[in-house]
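First, one chain by itself in structure tokens, the form predicted alone.
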């Protein structure tokens, strides 16, 4: 991870490259405060390059002053089309190029507005994305490629900034960076390295001594509290299921929030076995739980004026002689009976139990995150998470925060008619309604388990939580989707926005 440092004075040793960004027809030095007397010379060099700011433009020249060995100008196209996602993609490209060029100390100046972010938040978002732009997962590489890593990124100040203000932005970016990296690292770990037991153990250690209280529920505790859905999904594994409960309460909380994250550390589909192709990627089926862990880390560090509870149902969904079978009927935490039509529709059984269990915490708001359905990925691809909500204000809030953080969500219909797809001859409902309408049917199933009078949003992150290849500036593997969104929601509920 490259360190972020401020660049107010001429460096003692020349930096390898100064990266400048500009939109169509603008001067890349507008609003940029370069150190010493380098501004005029660099301005002349930029003029000689003929920078136009066109999208995809990349022009490089030797540095005209001792501060920078090279300068590189990147065009971003029209200002009104420059979004968080294009920013993220551009910064990833820059950090990768710098690494390939063996540039260990670089400077970055980004005076460009971001269309889908409020003007007062642009600098915060920009520096946050800069901190994350060099993420890579090399936990299991015997020889990590240190030669292509940038050691430090020197942030060039903009007009009107001071050292204290920029320092605060950089410190905030470092905290965000650590939390998103935490979620990505968890999502990238294979099933033989992270199972329900080790996940629960690590989470307990992570919050030791903090303001967040951790309770790990094993099979006995799950049975005692009627969490039979969690128990049933985990029956096929030699590692017993867990549910981790993370609790924080301020003295005078402004609101009560419960976050539920699906935590299937490996999903083979159970008896309803998944196809072998790409099954190895099912290590990331705990991405929802990873996002909740990261959000609760923020809660532990900032202690907001809220009551916040995180619930992590953790299982492996495997086929075996003891596994859950199609046709089995379960009695869930709230007494609802469920016919299991498909054991690969296991995530909704976990969420349903955890959501019903959440009633004991008397939440005002309940948000769940889950890599729930392939149908969501088919519908929305890798650009947006699917969102279902029972409250218009909450839905609008999450849509707005999603645009400004880059964790974009798209609201889908939550209609009672979709419950008809889940009718069972033998139980109150089925866990799967077949192929057609399967995405809204999954949300209709979950809606039965929302505690009464609670504002609820379900985020299906199946398409956005993991990528086989790099996409929109995100590296291959786990994306950490949802962390930024949950942090922004916590800020607003706590009055810190």
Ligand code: BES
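Residue numbers count along the first chain shown, from 1. Note that this is a predicted model, so its numbers are computed, not measured.
Keep in mind that the form predicted together with this ligand is not shown, yet the notes after this line are about it.
At a distance of at most 4.5 angstroms from this ligand in the predicted complex, all three residues 285, 432 and 462 contribute at least one non-hydrogen atom. Put simply, residue 344 is close to this ligand in the predicted complex: some heavy atom of it is within 4.5 Å. In the predicted complex, this ligand sits beyond 4.5 Å of every heavy atom of residue 242.
Among residues of the shown chain, residue 294 is not one whose heavy atoms approach this ligand to within 4.5 Å in the predicted complex. The closest heavy atom approach of residue 371 to this ligand in the predicted complex falls within 4.5 Å.
Between this ligand and the residues 127, 108, 375, 179, the one pair within 4.5 Å by heavy atoms in the predicted complex involves 375. Checked against this ligand in the predicted complex, the residues 339, 103, 195, 267 give one hit for a heavy atom within 4.5 Å, which is 267. Contact annotation: this ligand lies within 4.5 Å of heavy atoms from the stretch 375-383 in the predicted complex, the single such stretch among 216-224, 117-125, 375-383, 308-316. Residues of 245-277 placing a heavy atom within 4.5 Å of this ligand in the predicted complex, in sequence order: 262, 267, 274.
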